[in-house]
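As a starting point, one isolated chain is supplied in structure tokens, in the form predicted on its own.
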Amino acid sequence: MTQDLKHIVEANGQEQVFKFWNTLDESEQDQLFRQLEEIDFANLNDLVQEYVLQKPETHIPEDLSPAPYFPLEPEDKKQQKLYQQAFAAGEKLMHTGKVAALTVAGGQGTRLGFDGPKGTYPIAPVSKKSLFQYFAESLRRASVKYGHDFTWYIMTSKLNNQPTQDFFEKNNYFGMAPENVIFFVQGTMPAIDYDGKLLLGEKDSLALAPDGHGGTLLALRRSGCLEKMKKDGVEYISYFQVDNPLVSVINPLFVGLHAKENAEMSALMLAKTGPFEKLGNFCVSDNKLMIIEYSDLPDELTEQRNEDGSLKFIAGSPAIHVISRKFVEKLTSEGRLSLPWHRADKKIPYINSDGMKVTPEEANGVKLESFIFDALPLAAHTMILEGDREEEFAPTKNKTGVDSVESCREMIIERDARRLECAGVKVPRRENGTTAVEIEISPLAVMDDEDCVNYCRANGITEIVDNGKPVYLK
């Protein structure tokens, strides 16, 4: 322990973290020292004043209005031409290596009843491929289609980084070149009690928590990934979360529109199924795009409707973005994240002054998180493109019910069945319209409708027969 750091910690009123210092061995002291060394105490004091010692109020701007967006289908010939040009521009950017994929994968599969990183969960309905394998094969198909081997950046957490890397090594990176799969670790923030004091999770460790998906941006810089992107000529980042296997890992229209609109950050939107669907709402205030969380938007706005009866605030966020590399560089240029923080009151296990581990029954402190969508108002130019929910969004957040393993697998089956029907293949369906056979098409074979037409033609597929067995096309 250097005296300089000790002095800084004590000068900032956090001397309680040294309570057990003299009882720790050298390696334990080193761990605590490294954790303290990472903290910007001047910034921490500001955060304590703003987010801990008082409870920030959510401010809803008076001029809030629904955000404009490019619709799923072009509305006229002019827009149709723009979409065609944007699609071609996106394909060119992908072909020339200007685009990389980024997956946020720091979570565990606990809510799925699964012990391990969520990305290792076997999600595919027939083959039981993991989420990671599904994405890897989608990227491999994109690499073949666009003539460029894409780099895949995967943000893990301190908890699951090593198990995730072990999983990839065990499975030979699912056919991707290891040098094209880059792991980097999400940052953490120390938990703080209601008196503004840092909590110890163990005698030799602060109580640390992930810093939110907004921390992706700072982690890119600190890990050297931003520098690698720049060196490799990557200008655009295709961002998505690990729990959504239906997402287009790299979408040429989305990337192309982002580039043609000179956007620094773009977002895919989904038309909400109802006013209170649990998706953030795309809004505009003072000509700045922002997302207001579903729990924060007042009911009178949430339920507003247009003259035709449609929801006024219709645009919901599935957390799918295209982000310009230079924008990330700008947001993190000072070595800290230029985003607001969000307070979460939590039950935080801690070591008390007697050295005993306490598991509280009520919230005893604050964890601070940053959200990536808070970068939108900071962008000079933004763009929103409507996505097709049935083609882009099947979140796997629960074991059963809404947004679950069950619903996700059903959506993969239905998406693949629709693709086959678009290719002229007869698919057996039940009276209620659902697919009568479990169908799965390998992402290695098909990544879009065009691929499916070519695949079915090449393999002479005209009909799926219901013989009581699942169908896996590869």
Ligand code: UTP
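Computed from a predicted structure; not experimentally measured. Numbering starts at 1 and follows the sequence shown. Definition used throughout: the rigid core is the maximal C-alpha set that superposes within 1.5 Å between two forms.
The same protein also has a form predicted together with this ligand, omitted here; what follows describes it.
- Mapping the unseen interface onto this chain, Val104 counts among the residues with a heavy atom inside 4.5 Å of this ligand in the predicted complex.
- Using a 4.5 angstroms limit between non-hydrogen atoms, Asp243 touches this ligand in the predicted complex.
- Contact between Gly109 and this ligand in the predicted complex is found at the 4.5 Å heavy atom cutoff.
- Taking non-hydrogen atoms only, Pro210 approaches this ligand to within 4.5 angstroms in the predicted complex.
- Note on contacts: among Gln133, Ser317, Gln186, Asn251, the single residue with a heavy atom within 4.5 Å of this ligand in the predicted complex is Gln186.
- Note on contacts: among Asp166, Asp232, Glu369, Glu277, the single residue with a heavy atom within 4.5 Å of this ligand in the predicted complex is Glu369.
- Using a 4.5 Å cut-off to this ligand in the predicted complex, not one of Arg140, Arg415 and Met447 places a heavy atom inside that distance.
- Segments offered: 234-242, 283-291, 196-204, 175-183. Contacting this ligand in the predicted complex at heavy atom distances within 4.5 Å is 234-242.
- Counting a residue when any of its non-hydrogen atoms is within 4.5 Å of this ligand in the predicted complex, the one hit in 146-171 is Met155.
- Superposed on the core, the two forms differ at Leu112: its CA moves 2 Å or more between this form and the one not shown.
- Here Leu159 does not count as shifted, since its C-alpha moves by less than 2 Å between this form and the one not shown after the core is aligned.
- Superposition on the rigid core between this form and the one not shown places the CA atom of Ala344 2 Å or more away from its counterpart.
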